[in-house]
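First comes one chain, alone, set out as structure tokens in the form predicted alone.
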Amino acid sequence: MSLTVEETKSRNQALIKEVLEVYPAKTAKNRAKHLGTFEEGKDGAKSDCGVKSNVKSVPGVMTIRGCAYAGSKGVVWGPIKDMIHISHGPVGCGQYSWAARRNYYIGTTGIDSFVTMQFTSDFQEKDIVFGGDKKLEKIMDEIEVLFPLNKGITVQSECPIGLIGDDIEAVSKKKSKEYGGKTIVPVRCEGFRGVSQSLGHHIANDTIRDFVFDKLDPNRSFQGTPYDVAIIGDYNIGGDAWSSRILLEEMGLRVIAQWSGDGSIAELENTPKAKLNVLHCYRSMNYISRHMEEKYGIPWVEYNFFGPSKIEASLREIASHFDDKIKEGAERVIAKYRALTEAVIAKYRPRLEGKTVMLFVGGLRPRHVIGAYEDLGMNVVGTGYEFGHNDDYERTNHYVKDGTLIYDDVTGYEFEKFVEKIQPDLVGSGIKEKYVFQKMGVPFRQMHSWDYSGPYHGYDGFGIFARDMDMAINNPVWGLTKAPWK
């Protein structure tokens, strides 16, 4: 039996209280600030969904967050395909981050593209004692010999680099001169910086500003058009950026850069010539978008290409920044794909109508995918961010319904307890949570890298998204599995 909004709020508030009772008093007081129920129309809730965010996780609880290195190497810089990204430090961070995300790219691996390769300085004890600057120089020399078609290098510093004081800036500057001015970027993304991977995004954005944009040749030739745009914050998971780019080009725009899935250093250099930056992942790339607006006068607009409702709204919003030719192009694209989306909804909505979902993901997904679920008749009853900031929760207000359970940096215990009590039909989260919930008998989709599927962006992606949700929820295997609470 479905609950009323007031009954849902009351249940969620009681559930939060129950979860907090297991903690020591100080921890309970801390975590209480990060858990809440969205209440439509209340002034406090309007500003940030009523939860505190972007603060240090409580020691001793199981956080799902990553570190600053993960934000820089794994998200912003790592997908730039024609540059080599050195994991500078012990081998563990490099090994763990090796090909962890499905950032699809076009190119020949090991020749002109290097995304799925791993380069590490493999620190040993002697490097900690005596420093790794000379080792870093040697690695760069070897890279130039072995991979002569690389277009640049980044140094992704791990924790020990900041602790022992290696001068990666001096090494990068020296080698850049030796290699004829090649772009070599030192990135101070030591894992201990900040409270999560979010600061790594910011640091990486700042290095693009300092080592790419600020060093551009002002006389560099570029043949622009009035319809040039750059896709910012799409990492091409399973081909997402490609399915988004198709729609922009079909409406008459020219995509001159793609950040950073299937991206190149040349595309980074092109971006300050764009007429509009279209921003998908606000959390990871709003910093550089704001910088380009302030320095180059390039406006930016957020867009959401999950599900037909949000795609239509986003296409029209993007088109509003251009002339009637592009506005007409947007309507033409919407009309072209309407039959496709109606067929997808006709097929899958009857199988998914009324099903409930709980989300806990990073980046933009805790809010952006809500519309796609609703297009299929599903209801998101709980959502939260791994490393969101207050402005992420402000934006979430436009997506969630009254009474939705909100949780920031949710602990393993809290998330399991919420799922046990609410019993959603589907959980969408990350690989660390996947097998926990499947063993609890709960259908699950990995919503960081689409569970080896995708793309999920764009009209073509919506069909794949709908199929995957149906495949997860209506799989007969769940009838053979007994949840612990049963």
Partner chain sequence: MTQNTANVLDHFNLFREPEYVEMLENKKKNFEDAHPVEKVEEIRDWTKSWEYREQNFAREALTVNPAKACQPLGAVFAAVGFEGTLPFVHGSQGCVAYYRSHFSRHFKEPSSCVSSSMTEDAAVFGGLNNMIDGLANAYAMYKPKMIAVSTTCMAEVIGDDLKGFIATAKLKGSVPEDFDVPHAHTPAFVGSHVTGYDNTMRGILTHFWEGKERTPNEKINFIGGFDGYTVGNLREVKRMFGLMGVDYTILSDNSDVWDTPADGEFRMYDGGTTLEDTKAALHAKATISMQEFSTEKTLTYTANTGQEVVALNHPVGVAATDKFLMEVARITGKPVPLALEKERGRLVDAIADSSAHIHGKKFALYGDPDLMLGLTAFLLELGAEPVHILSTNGGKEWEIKVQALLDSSPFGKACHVYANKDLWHMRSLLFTEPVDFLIGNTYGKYLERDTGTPLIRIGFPIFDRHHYHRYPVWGYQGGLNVLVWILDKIFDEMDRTTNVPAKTDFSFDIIR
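Not measured: the values here are computed from a predicted model. Positions refer to the first chain, counted from 1.
Unshown form predicted together with its partner chain; subsequent notes refer to it.
Checking 287, 322, 179, 119 against its partner chain in the predicted bound form, a heavy atom within 4.5 Å turns up for just one residue: 119. Think of it this way: in the predicted bound form, its partner chain has a heavy atom of just one of 275, 395, 102, 365 within 4.5 Å, and the residue is 102. Remark: of stretches 169 to 177, 369 to 377, 301 to 309, 343 to 351, the one touching its partner chain in the predicted bound form is 343 to 351 (heavy atom within 4.5 Å). Not one of 205, 388 and 426 is positioned with any heavy atom within 4.5 Å of its partner chain in the predicted bound form. Its partner chain in the predicted bound form is not approached by residue 39, whose heavy atoms all lie more than 4.5 angstroms from it.
Within this chain, residue 29 is remote from the site of its partner chain in the predicted bound form, having no heavy atom within 4.5 Å. Looking at residue 472, you'd find every heavy atom of it more than 4.5 angstroms from its partner chain in the predicted bound form. Mapping the unseen interface onto this chain, residue 106 counts among the residues with a heavy atom inside 4.5 Å of its partner chain in the predicted bound form.
Of the residues in 154 to 191, those that come within 4.5 Å of its partner chain in the predicted bound form through at least one heavy atom are, in sequence order, 159, 160, 163, 164, 191.
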